[in-house]
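Starting off, we have a lone chain in the form predicted on its own, written out as C-alpha cells.
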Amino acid sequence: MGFISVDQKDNLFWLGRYVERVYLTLRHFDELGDRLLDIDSTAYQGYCRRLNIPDIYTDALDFIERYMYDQSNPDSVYSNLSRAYDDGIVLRSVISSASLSYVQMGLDAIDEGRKTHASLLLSQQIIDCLLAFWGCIDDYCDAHQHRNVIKAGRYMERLDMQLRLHDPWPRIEVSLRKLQRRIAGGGLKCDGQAADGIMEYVLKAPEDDDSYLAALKLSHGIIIAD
C-alpha cells in the first residue's frame, strides 16, 4: 500500500463527499421542486431541518433559485461543487485531468442554468457529468488506495444523507457495507463499535425519527481521524 499524506487523504475524502453531496442533492431536488410548486410551498423548510442547513429562504421560489445557483450560499449546489473542484485541482495528478474536467463541466452547466433557469435540464446535465466523473476515477485513478479513500468519502456522504432523509434501512445497509470496504481499502481507521451500532439500527429499528437520529450520531464517529 502506497503512502498518502494526511493532506492528500483529506482532499481525496472530501472530493468524494462533495461530489456525492451534489449528486444526491440533485436526485432529490427535482422531486422536491415539483412538490414545492404543486403541493406544499413550505416543504423546503422540512428539507432544511433534516439536512441541518439554515433556512435563509423567503419562499419556495427563493429556495429553488438560491439553493441551486447562489455562489454566496455555502449550502448551494454551486458552492458544494466548487469545493469539489478546489479539492480536485490539487489532486489533478492523482485523479487525472479528464476526471476534473467533468466537475468543471458541471460548474459550467450551473452557470448556464443561472442564465436560462432551465433547472430540470440543468439537473440531468450535472448528474451526467458526475456519473462520468466516477467513471473516470475508475479508469484513470491508478492507485488502489487513492480510489478507496475518495470512495470512502462518497459512501460516507451517501450514508449521512440517507440517514437524514430517512431512506429505508435495507438501502442504508448497502451504503454502510460499501463504506466499510472502502475504509479498509483506503487504510483509514474505522470505529467498529460505531459501525456495529448502526448495523443494529439497520437490522432491528423501526423507521422513526429517533432511530434515524441515533444512527446518524453514530455515523459521525465511524471514521477515526489520523
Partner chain sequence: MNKMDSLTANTAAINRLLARYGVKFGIYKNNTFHEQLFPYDCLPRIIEKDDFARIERGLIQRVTALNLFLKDIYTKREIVRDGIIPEHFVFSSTGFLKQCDQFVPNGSVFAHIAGIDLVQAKDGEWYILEDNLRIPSGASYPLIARKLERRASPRSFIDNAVDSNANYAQLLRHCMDSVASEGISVIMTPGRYNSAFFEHSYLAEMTGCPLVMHSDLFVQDNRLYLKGAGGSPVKVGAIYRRIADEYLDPLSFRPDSLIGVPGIMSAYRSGNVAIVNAPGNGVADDKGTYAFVPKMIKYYLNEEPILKNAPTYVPYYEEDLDYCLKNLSKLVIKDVSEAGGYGVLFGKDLDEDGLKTWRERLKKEARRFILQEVIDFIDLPVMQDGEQVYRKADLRAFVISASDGVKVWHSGLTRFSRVEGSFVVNSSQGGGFKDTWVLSR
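What you see is a predicted model, and the numbers here were worked out from it, not measured in a lab. Residue numbers count along the first chain shown, from 1.
Keep in mind that the form predicted together with the partner chain is missing from the display, and what follows is about it.
S.K.: Is every one of I64, V77 and S79 in contact with the partner chain in the model of the complex, taking contact as a heavy atom within 4.5 Å?
M.R.: Not a single residue of the candidate spot has a heavy atom within 4.5 Å of the partner chain in the model of the complex.
S.K.: Could you confirm whether Y85 comes within 4.5 Å of the partner chain in the model of the complex, counting heavy atoms only?
M.R.: So Y85 counts as contacting the partner chain.
S.K.: Closest heavy atom of M105 to the partner chain in the model of the complex, within 4.5 Å or not?
M.R.: Output for M105 is yes: heavy atoms within 4.5 Å of the partner chain.
S.K.: Can you work out whether S72 and the partner chain are in contact in the model of the complex, taking contact to mean some heavy atom pair no more than 4.5 Å apart?
M.R.: Looking in the model of the complex, residue contacts with the partner chain do not include S72, since no heavy atom lies within 4.5 Å.
S.K.: At 4.5 Å between heavy atoms, is I223 in contact with the partner chain in the model of the complex?
M.R.: Taking the distances in the model of the complex, the answer for I223 is no, it never comes within 4.5 Å of the partner chain.
S.K.: Among 211-219, 198-206, 21-29, 6-14, mark the stretch whose residues have heavy atoms within 4.5 Å of the partner chain in the model of the complex.
M.R.: Every other range fails; the passing one is 6-14.
S.K.: Check each residue of 79-103 against the partner chain in the model of the complex and list those with a heavy atom within 4.5 Å, in sequence order.
M.R.: In sequence order, Y85, D86, I89, V90, R92, S93, S96, S97, A98, S101, Y102 come within 4.5 Å of the partner.
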